[in-house]
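Take a look at this single chain, the form predicted on its own, given in structure tokens.
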């Protein structure tokens, strides 16, 4: 892989004095995809938002592109688990995508330059939705909405893509569509990605590294190194099992929650 893109050393993240996650140390190289795995409430979102430069209350070392995350936000696209769009506003899919470019260029969305519309259309084509560009976002299926949000994240040409539970609210067929787009991003754009999930199985094909967290760093490494019975049972209990099928690792863990809700 390429140069080291993210360096975290003894990273502890705070919310109002509460330790969301603590003592996280890892390195991620350019072009790699990291699956950030842990039960609901483990601190995955907190870690992702801090890497995105959206949360600044932390101790330890965290460098993205050699700088503190807040200084390189223009190089990062972050897709939260729940979008903040008001679906009562009749935005078309292409307008939603264009917002990703407009936000970073300081334009207002009702005066979209033709060049930005062209980039938005290309991003929709990339995620396989060029034919629905003029449909209202609110009318789209869950899988289509997620792909539109991916297109919005891509239109600003990020070097780092952060995705918080992108598959959690989707039915199986929509998950396949979204994973296909993620694989295409990895293959054709070679963008570094961090994807949080409580179920790694749909994503193991694209994951170069896996980080298992449960308030603390439990394990970090390749899927073969992390998705092992003796490691995942520490977090998910004795019924958790890791199975290798061909060259891919699968992890059967059920839907596990820890006490308290995950801090945002």
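Residue numbers count along the first chain shown, from 1. None of these values were measured; they are calculated from a predicted model.
Same protein, other form: the form predicted together with a small molecule, not shown, and the subject of what follows.
Q: Can any non-hydrogen atom of residue 43 be found within 4.5 angstroms of the small molecule in the predicted bound form?
A: So residue 43 counts as contacting the small molecule.
Q: Give a yes or no for residue 252: in the predicted bound form, does one of its heavy atoms lie within 4.5 Å of a heavy atom belonging to the small molecule?
A: So residue 252 does not count as contacting the small molecule.
Q: Does any part of residue 215 reach within 4.5 Å of the small molecule in the predicted bound form? Heavy atoms only, please.
A: Judged by the heavy-atom cut-off of 4.5 Å, residue 215 is in contact with the small molecule in the predicted bound form.
Q: Please check if residue 200 has a heavy atom lying within 4.5 Å of any heavy atom of the small molecule in the predicted bound form.
A: No, no contact at 4.5 Å.
Q: Under a 4.5 angstroms heavy atom criterion, identify the one residue in 177, 165, 95, 119 near the small molecule in the predicted bound form.
A: It is 165.
Q: At 4.5 angstroms, heavy atoms only, are 15, 20 and 81 all close to the small molecule in the predicted bound form?
A: Yes, because 15, 20 and 81 each have a heavy atom that approaches the small molecule to within 4.5 Å in the predicted bound form.
Q: Pick the stretch from 233-241, 65-73, 219-227, 33-41 whose residues have a heavy atom within 4.5 Å of the small molecule in the predicted bound form.
A: Result for this chain: 33-41.
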